[in-house]
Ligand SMILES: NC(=O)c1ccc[n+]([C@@H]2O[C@H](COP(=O)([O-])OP(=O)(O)OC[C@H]3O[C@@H](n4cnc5c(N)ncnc54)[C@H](OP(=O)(O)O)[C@@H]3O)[C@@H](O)[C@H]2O)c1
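Single chain ahead, by itself, as structure tokens, in the form predicted on its own.
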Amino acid sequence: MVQLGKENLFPIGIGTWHMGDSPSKRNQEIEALRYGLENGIEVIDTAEMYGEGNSENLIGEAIKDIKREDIYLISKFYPFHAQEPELERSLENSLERLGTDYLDLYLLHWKSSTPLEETIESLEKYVKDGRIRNWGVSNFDTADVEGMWKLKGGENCTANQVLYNMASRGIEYDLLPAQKEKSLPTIAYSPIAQGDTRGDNIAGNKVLQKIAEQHNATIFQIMLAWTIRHHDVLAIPQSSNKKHIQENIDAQSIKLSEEELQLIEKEFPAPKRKKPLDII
């Protein structure tokens, strides 16, 4: 389980980038979301940017008959909506599309030209009035989160959502250690490198194929199990296929041995120096 705020959550959720954009896939995507929620997944991650609201609309339809308290909803707002009155308008639009009165977590999608203390002040106000339960950030590097912690209310940040997978381990050099020290959880997007050309190198890796065979699993399940190997990372792979959703759920029970972790380390070594934050 992963703790976000006061919630202990299943460590694998569903990312929804590109979902809701194709009418021909709509029913399949809704079925996949409902299947995930009915079989152990709690977290659904979206953003106003995804299809300019298409993803949120899709989710709203998918969850309308599911108990709201069984879902942990995350959405994100554009950096150019990070000040009033645009921020409140973005929040209200997201709530309307999702068909809910509140978000469990509301994230600044990436750094904004608006002073962060202004944005935090608004987010804290939304927490107090109940429209969001927690707020966080996305695509913040080490200096960004350290600067945030110095601001009034900055210590209330609930999570930082960043790119993290076997082929993209840059955050392990200093960002993850800094967040561990402050008990700030990480939400890993693209944990199986979907949408990332580096994922092609992983999918064909012979060592991973052998490890997957030993666990009677797919390479993607091994990648997920690796991403959540610590208890402060929540992974949000995107999937609109019920079979893949079930495989993602099953990945939580895969425990990689120390020997297997060392083999993976040899194939995809941890960074030995600071690298720019990866973003896709």
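Given the structure is predicted, the values throughout are model-derived calculations rather than measurements. Numbers for residues come from their place in the sequence shown, where the first is 1.
There is another form of this protein, the form predicted together with this ligand, and it is not shown here; the text below is about that form.
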(message) in the predicted complex, is there a heavy atom of this ligand that lies within 4.5 Å of any heavy atom of P237, even though the partner is absent here?
(response) yes
(request) Spell out, yes or no, whether the shortest heavy atom distance between D45 and this ligand in the predicted complex is within 4.5 Å. (result) yes
(message) Within 4.5 Å, heavy atoms only: does N241 come near this ligand in the predicted complex?
(response) yes
(message) Since only the chain is shown here, I'm wondering whether M1 would be in contact with this ligand in the predicted complex (any heavy atom pair within 4.5 Å).
(response) no
(message) So if I measure heavy atom distances to this ligand in the predicted complex, which of the stretches 203 to 211, 136 to 144, 78 to 86, 121 to 129 falls within 4.5 Å?
(response) 136 to 144
(request) Check each of D232, E61, E247, E31 and return the one that places a heavy atom within 4.5 angstroms of this ligand in the predicted complex. (result) E247
(message) Give me the residue from A193, L175, L91, L105 that has a heavy atom within 4.5 Å of this ligand in the predicted complex.
(response) A193
(message) Could you pull out the residues of 249 to 280 that have any heavy atom within 4.5 Å of this ligand in the predicted complex?
(response) I280
